[in-house]
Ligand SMILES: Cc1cc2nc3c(=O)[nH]c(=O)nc-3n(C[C@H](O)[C@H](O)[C@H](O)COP(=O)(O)OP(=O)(O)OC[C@H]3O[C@@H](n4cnc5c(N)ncnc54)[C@H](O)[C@@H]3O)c2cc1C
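Below you will find one chain, with nothing else, as structure tokens; this is the form predicted on its own, and questions on how it binds or moves follow later.
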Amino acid sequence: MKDICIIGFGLAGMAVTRHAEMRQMSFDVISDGSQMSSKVAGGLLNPVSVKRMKPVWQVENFMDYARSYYSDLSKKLNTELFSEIPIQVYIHNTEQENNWYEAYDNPRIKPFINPKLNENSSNSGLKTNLLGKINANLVTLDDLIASYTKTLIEENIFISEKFNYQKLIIEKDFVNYGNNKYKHLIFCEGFGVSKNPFFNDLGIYGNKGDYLIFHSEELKLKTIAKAKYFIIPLGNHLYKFGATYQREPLNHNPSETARKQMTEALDKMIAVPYRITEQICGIRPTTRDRKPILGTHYKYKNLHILNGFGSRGVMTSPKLGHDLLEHIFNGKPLDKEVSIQRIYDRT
């Protein structure tokens, strides 16, 4: 009998898997790769909510932990898929200037932003006069997930298939799935939770995000740029641009509406020629209170969930993956803001 089975391998599944490895636990991962949100996400580890110049939720709890986690994971996989990279924020008017200086006076933001605004270089290709700088990080998520998946396949603990709920047999002290027994099952399915008969009543809903990939030899941007959307350099004159937020329709087909919105926004951000090469999208799992959900099923004590990260999963999933295993195996209480109990208490 193995300790756990992890269902899904996006940001949540990856975090649980890595912490299970660090605890020297026995486990399997089951994933069919159908959920795309983690693979197409921008991968930004950004401590500041740029629109309002406020610190992101519990930044002190998550930021340093996430940095250490991705650095450690990159070393384990012998990859260079985690890096420090500043975000250059467009400053369009006096109000934004004042907001920036006020933000620097906030001790929770001060460690992450530069106190002075910089004049934009005339040959940068960016349409702005002033830029603010946020100290951030970038995770190349699609390559990181692919590299980690390859390692787990080589270790014969990754099962590439769709999870079949009908095959799950729940006993008092373990679960049986196929020919395997596990002490605990942890669902990390992203928006796929909508089809999960044990956890599809938690109010987790989908929010579709589209990105454009564009090519521009004249832009030559080596940092991230942010106005309405982010421009993220990918190398070889390619850039990722986005992402949008759309409630309907929830599918994995690129949205023409989103493409039009992003193209108009990109034209306002850069003053050099570009060519769109691809449009990609995924469905983020999010919640009514915009907080993740983790914990144990109210009836089945060997079924657990880690989900609902929305657009902040890059930062919050590493620490919460750790916290969930601490809760399951050491009985450590979960933060009430993220515990599944807050959902159960409403019903």
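No experiment lies behind these values; they were computed from the predicted model shown. Start at 1 and count along the sequence shown; that's the residue number.
FYI, the form predicted together with this ligand isn't displayed, but the following is about it.
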property: Contact test in the predicted complex: M315 vs this ligand, heavy atoms, 4.5 Å; result: yes
property: 4.5 angstroms heavy atom contact with this ligand in the predicted complex for G42; result: yes
property: Contact flag, V16 vs this ligand in the predicted complex, heavy atom cut 4.5 Å; result: no
property: is_contact(D32, this ligand) in the predicted complex, heavy atom dist at most 4.5 Å; result: yes
property: Contact assignment for this ligand in the predicted complex, among P47, G282, G321, G295, heavy atom within 4.5 Å; result: G282
property: Listed residue that, although this ligand is not shown, lies within 4.5 Å of it in the predicted complex (heavy atoms), from A243, A103, L266, L219; result: A243
property: In the predicted complex, segment of 114 to 122, 83 to 91, 209 to 217, 257 to 265 with a heavy atom within 4.5 Å of this ligand; result: 209 to 217
property: Partner contacts for 143 to 172, taking this ligand in the predicted complex and a 4.5 Å heavy atom cut-off; result: E161, K162, F163, Y165
